[in-house]
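Next up: a single chain in structure tokens, the form predicted on its own.
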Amino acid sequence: MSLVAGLIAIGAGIAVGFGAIGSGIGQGIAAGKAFEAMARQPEVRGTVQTFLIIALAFMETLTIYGLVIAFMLLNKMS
């Protein structure tokens, strides 16, 4: 394995790893705050739930982008 192939593999791992860590932390904070808001004001539950689902989808997209970049980098190895 050449040095370039090793660096590409490390880059792919970093792309997926940091994307997943950031997304996971963000989703945990958003879900926690949404549950606090729903517990404080139960009448706005539907609105908060809708915005939470949209926010979670945007956060999860970052992880998918990292995975796509990792696949693109791994494709360059061969």
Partner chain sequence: MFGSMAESTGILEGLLHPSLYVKTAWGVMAFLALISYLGTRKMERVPRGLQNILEMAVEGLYNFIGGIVGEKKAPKYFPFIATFFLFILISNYIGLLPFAGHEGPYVPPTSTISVTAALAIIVFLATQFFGIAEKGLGYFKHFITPFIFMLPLNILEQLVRPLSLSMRLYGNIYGHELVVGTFMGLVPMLIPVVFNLLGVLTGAIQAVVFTLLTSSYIGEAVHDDHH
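Numbering follows the first chain given and starts at 1. Since the structure is predicted, the reported quantities are computational estimates derived from the model, not experimental observations.
The same protein also exists as the form predicted together with the partner chain; that form is not shown, yet it is the one meant from here on.
Under a 4.5 angstroms non-hydrogen atom cutoff, the partner chain in the predicted bound form has Y65 among its neighbouring residues.
The closest non-hydrogen atom of F18 lies beyond 4.5 Å of the partner chain in the predicted bound form. Although the partner is absent here, L7 is not a contact residue: none of its heavy atoms lies within 4.5 angstroms of the partner chain in the predicted bound form.
The closest non-hydrogen atom of V44 lies beyond 4.5 Å of the partner chain in the predicted bound form. Contact residues in stretch 42-59 (any heavy atom within 4.5 Å of the partner chain, taken in the predicted bound form) are I53, I54, A57, F58.
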